[in-house]
Each structure stands twice: as structure tokens, then as C-alpha cells.
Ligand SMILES: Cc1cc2nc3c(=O)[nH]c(=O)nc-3n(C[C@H](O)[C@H](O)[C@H](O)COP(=O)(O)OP(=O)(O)OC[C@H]3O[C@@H](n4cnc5c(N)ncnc54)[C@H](O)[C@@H]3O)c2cc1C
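Okay, so here's just one chain, in C-alpha cells, the form predicted on its own.
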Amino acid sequence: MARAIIIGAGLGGLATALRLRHAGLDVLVLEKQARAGGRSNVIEENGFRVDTGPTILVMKSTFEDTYRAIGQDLNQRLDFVRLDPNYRVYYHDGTYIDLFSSMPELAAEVERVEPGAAARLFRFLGAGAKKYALAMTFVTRNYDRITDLANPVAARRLLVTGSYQRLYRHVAAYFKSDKLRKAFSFHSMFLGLSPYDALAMYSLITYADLALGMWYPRGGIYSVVEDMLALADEMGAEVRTNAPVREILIRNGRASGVVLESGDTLEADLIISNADLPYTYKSLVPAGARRAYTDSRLDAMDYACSGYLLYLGLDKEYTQMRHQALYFSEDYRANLDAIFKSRTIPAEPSFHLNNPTITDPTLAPPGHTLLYVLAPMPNLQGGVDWREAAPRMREQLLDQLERLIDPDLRQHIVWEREFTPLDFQTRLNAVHGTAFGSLAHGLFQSAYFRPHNVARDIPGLYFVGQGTYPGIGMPMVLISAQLVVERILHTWR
């Protein structure tokens, strides 16, 4: 029986472990932190339970496919609630719009903001459906040669769907209102890209959110991780926490094991890294073994943005809120340029606001509310001193929350934690402290051009997670696990 060691117990590492164990391999997962989950982690303190990473899921079918592949039924093991609306979008002038999955309700909201725009909304979503169908042909396959991606048929589809355009410009062709343009273009931020730079292809995310739905598992996203850990235990796949890896052993040009920070050496037939891919190459693979990804090549890559997160426990209920919300600053372009171009802190940050206790009161003590605030920020390439900047950012966000939610909100804070780009770097080994994933999704860091899930120059070394294809986001990470296991089983069966 082949023995596989997986570095990192994030969602991709766990999904890979389950698939490989189901296929009969001996599997050991090594996790640096005290708790498995990677970016999808949790804090449990003072009666509060908060997801520290993703807070809802989309493309639920990718989760169902993962469970089905190991003979399990996701919906029998976990309880899901579909959100509607998906988001409440707050604007600087005190107005807001609810983004419903119900098309009649969404059309009414759009009409309220921009009379006559409902018809264009449906054309926009129709175009998004075509991009979604096109994209799925790219993201659900392994790549061996450039012609797998760049061929006349693919080129014609890109042209016909307009996927090569810029996202914000594409959205602006359907909506005249600045408010609607913001509401339907922000999704690329979750890929670490500015809507002004992202390809129009990524309007497929808006389509997936609205047409396929956004889902919340009771107990939070970490309940999925907990269930995968339970399955790993049932199936005989070992997950070892507090076990940071110091080095991937390369013997005779082949990956053959790992050395832990403790000094222990563990042998294996194959190694799969779910750690941040640039970190894996730079810090775990000896420089002499790296022909494809040298330091200079890794340094020249385009890295995604980071974020500042504030978690708040409040001794008051806010039943007027939605489960999820967004706040857009008045100068959308200036906000994005600060994050992606000058790599400075935006003067007025936009942010994602999550109140999961609207749907799941068990996440907080009775009569309390749990808030999760995420403000996209530049990664550490910008040189921001976060030890000095974090207190100022906290005050700015609390000022905005008091304007939006409750003028006395500060008085009701009974518990809080924060997470800065420095935490992403130190706790998660995220290169440059990136928040959503390491490598941004520009054209030449997507599909075939994204680092492959097999190290061509180091036999026996594989990759899974957001740093390889398909890329950033929980659904893509689960597809990544499917693809790398296909490669491994082709070799080891």
C-alpha cells in the first residue's frame, strides 16, 4: 500500500486525504496549528463560536461531490440553510439594497435603485450563466500541455462570451447606477483581484451566488471541517496537529518524506502539500532541487490582497440585520487602487459584514450577537506597519458599524479578537500575508498558467489547494483535491 503524507489540514488537504484513503492509500496529514482547518478555522471563547475564514459556501454541489466520491451523503451528515437574500449592500449615503436569490425580489430591488434596469439584470445573469458554463470546462480538468487551454474552440468561446473584457467595464455595460455597478462587480475581491483588473469571466461568481444559492451549515463553516475530521478518523486516515514540517526530503531527485520541526523524519511514497504553494517551494523544498520555481520566479508572481478581520461578541441582538452584508465606500476606485496599486490602507475601507447569529443563535450566548468584519487590505508587499495600523483600523470600522447598525455599539462589546496580514503570514505561512489565497487570478496565473498540481521536476511531489489550479475559494479547493487525486491514482494504481 502506497503511503501518502499531506502537509496541511486545510480543506484541500482533508478532502485529498479522504479521497486517497477511500482509494486504499495509507494517509498521514500533518498540520502546523493546534487545530485543523487552515484558513477555514474557528475561535471558541466565552460562549462565542466564530469562523475565522470563509463564513458561507457557494457551489454546494462541489461539497456534495466530495462526499459522494467517498460513499457519503453530505446532506445527511450536515444541516444546511439557504440564505435569501445573499447580501445586504450598504452605501455611504445610508441607503442599501438586498441581493435576493429570488429573481422577482431581486428585480424589484434593482428597479428601486435604477428604474428600467430589471431587464438588463436578466441579460447580465444570462451572460454570467454562459461564462459559468465555459469556466467549468476549464476548472474541472488537469492540464498537461498549453493546447489543453489555448486552442481555437476555447478562443472562440472567450470571444463570444466577452470573458476577456475587464469585469467592472463589463458590469457597467448593463447598469448605469454606480450602486448597481458596485453590487455586481465586487465578487472578484474574493479572488484577490480588483474588479477594474479582473477578467469579465469572473462575473460567473455573481451568477453562481444568485442562481445556485449561498448556503450556511449550522454550526458554521468549521462544522464541515469537523465532519471531515470525523470521517478521516472513521476511515483510518491519521491527522496529526502541532506537527509543523521543516523540510520535504528529496532523495535521488524524488520526494521521499518530510522532516518535522521536532527533528523527526517521516518516510512516504508521495508528498502532497496543502501549504501555501509559494511557501512550499521557498521554505520546504531545498533550493538545489527547485528548477521550475526559483526564488526569483516566485518573487515575480502577482500575489492576492490581504485583509483585516475584527470579530465582535455583543450583549445585544440586532434582528434588523441580514446574515451577510457589504459596505461600499463612496470612492470605490480609490479604495481598490489603494489596496492593489499603491498598497496602502484605504482612506475609507469597504468591508464584508457577517452576522451568523441571525441564522444560527447557538453561535453566541442567549441574547447576544456575533459579528465578523472583513476589510480587504494590501498584502505585506506594501510595507504597512500593522502593529501601528491595526488599532486605527479597528476604530474606523467601529465608527462605520455605529453609523450602520447601532450608535451605541461599542458599549455592547463583551468579547473581541482581530486578525491582521501579519497573522496570515505567521499562523498560516501565507506568503506576503495574503488572505483569500496566495496567487491572484490574472490571466497568466489561471488554468494552465497557474502552478500545476504535480511538480514536474520533482517526482512524487504534488500540490492541492488555492495555489494550484483551479484556484481560490472553497469550491475550487475541493475540485483541486479531485484533480490531484486523479493524477496520483493514475500513477499509483
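These figures come from a predicted structure and were not determined experimentally. In case it trips you up, residue 1 is the first one in the sequence shown, and so on.
Below: the form predicted together with the named molecule, not depicted.
Notebook entry, point to check: Looking in the model of the complex, is the named molecule within 4.5 Å of a heavy atom from each of 137, 141 and 447?
Noted result: No: no residue has a heavy atom within 4.5 Å of the partner.
Check: Hey, of 431 to 439, 42 to 50, 451 to 459, 64 to 72, which bit sits against the named molecule in the model of the complex at 4.5 Å between non-hydrogen atoms?
Finding: Single hit among the candidates: 431 to 439.
Margin query: Since only the chain is shown here, I'm wondering whether residue 424 would be in contact with the named molecule in the model of the complex (any heavy atom pair within 4.5 Å).
Written below: The answer is yes: residue 424 has a heavy atom within 4.5 Å of the named molecule.
Check: Quick one: does residue 377 come within 4.5 Å of the named molecule in the model of the complex, counting heavy atoms only?
Finding: Because no heavy atom of residue 377 falls inside 4.5 Å of the named molecule in the model of the complex, the answer is no.
Check: Within a 4.5 Å heavy atom cut-off, is residue 27 in contact with the named molecule in the model of the complex?
Finding: No, residue 27 stays farther than 4.5 Å from the named molecule in the model of the complex.
Note to self: Against the named molecule in the model of the complex, would residue 117 count as a contact residue? Criterion: heavy atoms within 4.5 Å.
What the structure shows: Heavy-atom contact with the named molecule at 4.5 Å: absent for residue 117.
Checklist line | Answer option from 183, 370, 167, 309, heavy atom within 4.5 Å of the named molecule in the model of the complex | finding: Contact with the named molecule in the model of the complex is made by 309 alone.
Note to self: Going through 278 to 301, which residues have a heavy atom within 4.5 Å of the named molecule in the model of the complex? Please give them in sequence order.
What the structure shows: Going through 278 to 301 in order - heavy atoms within 4.5 Å of the named molecule in the model of the complex - the hits are 279, 284.
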